[in-house]
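Single chain ahead, by itself, as structure tokens, in the form predicted alone.
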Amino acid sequence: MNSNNIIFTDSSRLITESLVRAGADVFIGYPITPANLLYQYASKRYPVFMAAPDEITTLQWMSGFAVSGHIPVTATSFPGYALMIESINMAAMMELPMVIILVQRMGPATGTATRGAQGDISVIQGTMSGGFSLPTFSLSNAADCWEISAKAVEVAVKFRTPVILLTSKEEVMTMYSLDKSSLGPINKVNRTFYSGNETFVPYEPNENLVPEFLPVTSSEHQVRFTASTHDKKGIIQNASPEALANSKRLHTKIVSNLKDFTWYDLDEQHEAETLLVSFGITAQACHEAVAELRNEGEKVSLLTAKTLLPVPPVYYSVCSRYKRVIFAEENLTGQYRQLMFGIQPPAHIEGVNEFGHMISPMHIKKVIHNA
């Protein structure tokens, strides 16, 4: 290992650098703890940085940049995200690419700004009216911050959608040593705009159910964007078959292309009957717990979810192979466990949960031993 490659950094810096290298070119934000470092680094790294007066304005400005052909980013926490929800729906309806970094902290309401959590999954799942899903990715280590952040830009552009990057206070504000040579190259997203000679139809879907994009700056074609129910031409309609089909497509384009952005790590041990499922910062505790359990002769497997929403079908396939499935997540109610298996899950689906404290490897091991 070359000592010249060792850097002392944090995940906020890695996420910022990755997004910019992937092609994100605008950051708009309103400072909020614990997303402060993302805001600070953004002011130095993005080609365009704007300080908004509030979170509602943030998403409105992002939408303005997006319709002009830019890829905007913001970073917030629950109180700010709550204010953004209506505008996120607007951006999704207009099919605008953007990335929203949600740094989780302990709630409810303003809660404790300096204490992390994993309690916003239900909020994200319920962001879109109608139950439509937004691509949501969880960052669980430095490699994820580097690789998946770049992929988030790609997904936002390829599928014309807002994308949520989910992280937490401990992940983005903790300093650590890193061998920078372990970070692979990031290619800028190759973005193309409609270049045909025929009349541009702004919401005419291609084979992957995603329309071609043309910014409002075009001088050759009329371009329409609207957040109201509309037909393929972008003409507002109440409930015509074409307009309703177009709105349904917003959901279908995400779930039908899910295989293209399903990312997870699966560490399966032969003959294991217990599966740990986790994501984000808690996945690190799970890795440590699994290593210790195996050293003690316990057989256990680990699924680290990186694509959280929509829930990839492969997660159900993996879970079906085990007699005991334990979800480890830092929230009171087991939000991801409930999302996958309901409020009253089968008896073999269990949870390791904490509220106000991180989940320790010892806690995980205790639950597994108490079978």
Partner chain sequence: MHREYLHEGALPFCLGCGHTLIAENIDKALQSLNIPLLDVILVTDIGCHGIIDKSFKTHTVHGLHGRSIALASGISLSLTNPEKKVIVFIGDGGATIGLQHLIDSAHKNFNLTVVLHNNMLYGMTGGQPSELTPLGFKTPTLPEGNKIKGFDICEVVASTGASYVSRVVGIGNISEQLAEALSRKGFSLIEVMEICPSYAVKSNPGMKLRQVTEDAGLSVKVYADHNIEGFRPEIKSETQSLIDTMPVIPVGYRSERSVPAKILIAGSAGEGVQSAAELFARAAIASGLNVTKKGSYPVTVGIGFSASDIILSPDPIQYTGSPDPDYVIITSTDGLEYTAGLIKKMNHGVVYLDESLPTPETKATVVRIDYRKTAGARNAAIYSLLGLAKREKLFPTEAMLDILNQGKLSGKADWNKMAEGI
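None of these values were measured; they are calculated from a predicted model. Positions refer to the first chain, counted from 1.
Keep in mind that the form predicted in complex with the partner chain is missing from the display, and what follows is about it.
If you check the partner chain in the predicted bound form, you find a heavy atom from every one of T9, S228 and P361 within 4.5 Å. Among heavy atoms of I236, some come within 4.5 Å of the partner chain in the predicted bound form. Contact annotation for N370: none of its heavy atoms lies within 4.5 Å of the partner chain in the predicted bound form. The partner chain is not drawn, but in the predicted bound form it has a heavy atom within 4.5 Å of I56. Though the partner is left out of this view, L250 does not reach within 4.5 Å of the partner chain in the predicted bound form, counting heavy atoms only. Only one of 256 to 264, 271 to 279, 241 to 249, 80 to 88 lies within 4.5 Å of the partner chain in the predicted bound form by heavy atoms, and it is 80 to 88.
Checked against the partner chain in the predicted bound form, the residues E298, E288, E147, E212 give one hit for a heavy atom within 4.5 Å, which is E288. The single contact residue among F341, W61, Y315, Y322, judged by any heavy atom lying within 4.5 Å of the partner chain in the predicted bound form, is W61. Using a 4.5 Å cut-off on any heavy atom, the residues of 202 to 219 that reach the partner chain in the predicted bound form are, in sequence order, V216, T217, S218, S219.
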